[in-house]
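Here we start with a single chain on its own, the form predicted on its own, put down as structure tokens.
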């Protein structure tokens, strides 16, 4: 089985309080790996460890090893000679629970991060922007309003914009922290459908609080409790329908 991540003895604390403790796991490269657990179980901390975002929080302390498949090779992302955190976060994009568009136009939301890439080419960046907006189903909705402030759009549109902004950077891995939690049912289903359409193009790791959503999107599941992994299970090992939901619910 090809892997997108190998995690060994990962521990993360904030101000001396353990959020994740001695976690080891292997995440498959194909499909969507879903992290599940009750509030405070360490799901988001685990996810943020995959792009070193935990380091941006006060009181952070961490240990262990995280290797990701980037550029066809497994790279230790905490090794000083491998990748800077900035370069890592371009390759390992993240979409957050609450849409966080920049306080500027649709166009600038996508173009500004691209301008920070060495060798920026405006024409190629415009092409990337259009492709990303088409991939998330936004192009037809916004192509004539690219200079409209992003905060004038609905929550679902804003979340798709945040996904498009991440995709425009051409990451290799996508991290998703409960990306539909703040959206209505219709917008949530739309985001889910686009994630399904992307799962053959990107390795994805997702936090979800919803068992039905996890079963709809996921192919591999990791259950956490009090900062530790309880179990990991492939969708292929689960039965169909309600029985699978019950097994998943019992593991939370």
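Residue numbers count along the first chain shown, from 1. None of these values were measured; they are calculated from a predicted model.
Another form, the form predicted together with another copy of the chain, is not on view; read the next lines as being about it.
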| property | result |
| --- | --- |
| Close approach of residue 134 to another copy of the chain in the predicted bound form, 4.5 Å, heavy atom | no |
| Non-hydrogen atom contact residue 121 with another copy of the chain in the predicted bound form at 4.5 angstroms | no |
| Another copy of the chain contact at residue 182 in the predicted bound form, heavy atom, 4.5 Å | yes |
| is_contact(residue 98, another copy of the chain) in the predicted bound form, heavy atom dist at most 4.5 Å | yes |
| Which of 24-32, 198-206, 185-193, 216-224 sits within 4.5 Å of another copy of the chain in the predicted bound form, heavy atom basis | 185-193 |
| Within 53-84, the residues that have a heavy atom no more than 4.5 Å from another copy of the chain in the predicted bound form | 58 |
